[in-house]
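Next up: a single chain in structure tokens, the form predicted alone.
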Amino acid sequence: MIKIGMLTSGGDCQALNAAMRGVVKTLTNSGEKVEIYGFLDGYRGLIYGNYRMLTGSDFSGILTVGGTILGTSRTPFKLIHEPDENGINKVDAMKKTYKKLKLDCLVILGGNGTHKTANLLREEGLNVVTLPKTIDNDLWGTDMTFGFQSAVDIATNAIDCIHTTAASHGRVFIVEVMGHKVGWLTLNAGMAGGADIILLPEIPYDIDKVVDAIEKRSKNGSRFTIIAVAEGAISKEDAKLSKKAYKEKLRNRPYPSVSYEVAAQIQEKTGREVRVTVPGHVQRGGSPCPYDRVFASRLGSEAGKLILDGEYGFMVGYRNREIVKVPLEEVAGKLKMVSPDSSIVKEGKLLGICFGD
């Protein structure tokens, strides 16, 4: 008998269900008897012992379903050692639940913060296998995360749709794409959607360079400009501030987000009409694209194999077009950033894309 617990933590995304399905189908098809405990709403379910028993039928028909059948929540790693409002030690509570249910392994699906906690549980002696989930594609140790391609499709479609109205009205349009710390999603969607300017957290922008790119397009006969802006895009001036000073500025910024600040600056410097579109959580929603369905299923299958082989303490990742196992201690606490010197950025510049630097 194999007894596993499963949970999805952090922000939701497409293909979470597909990945869990891959794990369960692999285990059940092995001929082994399996008990599956689905913890509800992420680590909260593990902390407070909120779970439901799952069977193979719970995973039938969910390959194409977005979101997560287990629910999710954010349990910040920086608060993981702090007792909750009732004085409960979260780490001890998770270990207690694991041991009470006599689990053989925890299967944890999540992003960067989720992997920090997963590695902590590994250090505490629990058997853990993880799967790389995030639309940001910023997890260290894997070339790709599931949810990313689906989000790229949605963000690209938003940019595609903006093109016709931008061309019709001859305006500057800004499309704000998710990504507070890392710009992979904005970079890929911007390039796929034919954005003229792409602003990323990793490449601080000079607003005058952005304005120059707009004016250059106008002189060359273009009626409109499309700008893809990451949520976490930052100006060169703000990048020089201390972390504390920058947070204070954000608290007092008279704009809903950086995109509206950029829009106001462009409008002031050029006199052009600027419109901002924010797809927001639409980028996390809906059915996973075919790529993510296949990719998440493959990752889930390999996770199931690790459990059958008794190999724990790994994230199932993807490197050089092959599924690999990556030690959790190599993953936790690291972000995969967009390098300003990366080939994709250089190629974007060769295509005429302005990155504001």
Ligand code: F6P
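Every value quoted in this text rests on a predicted model; they were computed, and no experiment measured them. Note that residue numbering begins at 1 and tracks the sequence as displayed.
Separately, the form predicted in complex with ligand F6P exists; it is not shown, and the next lines address it.
Peer 1: Find the only residue in 74, 209, 253, 171 having a heavy atom within 4.5 Å of ligand F6P in the predicted complex.
Peer 2: None of the others qualify; the residue that does is 74.
Peer 1: Just give me the single entry in 259, 114, 186, 134 that has a non-hydrogen atom within 4.5 angstroms of ligand F6P in the predicted complex.
Peer 2: So the residue touching ligand F6P in the predicted complex, by this definition, is 134.
Peer 1: In the predicted complex, does residue 214 have a heavy atom within 4.5 Å of ligand F6P?
Peer 2: Answer no; every heavy atom of residue 214 is more than 4.5 Å from ligand F6P in the predicted complex.
Peer 1: How about residue 284: is it within 4.5 Å of ligand F6P in the predicted complex, going by heavy atoms?
Peer 2: It does: once ligand F6P is placed as it appears in the predicted complex, residue 284 has a heavy atom within 4.5 Å of it.
Peer 1: Since only the chain is shown here, I'm wondering whether residue 178 would be in contact with ligand F6P in the predicted complex (any heavy atom pair within 4.5 Å).
Peer 2: Residue 178: contacts ligand F6P in the predicted complex.
Peer 1: Can residue 231 be called a contact residue for ligand F6P in the predicted complex at 4.5 Å between heavy atoms?
Peer 2: Residue 231: contacts ligand F6P in the predicted complex.
Peer 1: Okay, which stretch from 244-252, 78-86, 261-269, 178-186 lines ligand F6P in the predicted complex, with non-hydrogen atoms inside 4.5 Å?
Peer 2: This holds for exactly one stretch, 178-186.
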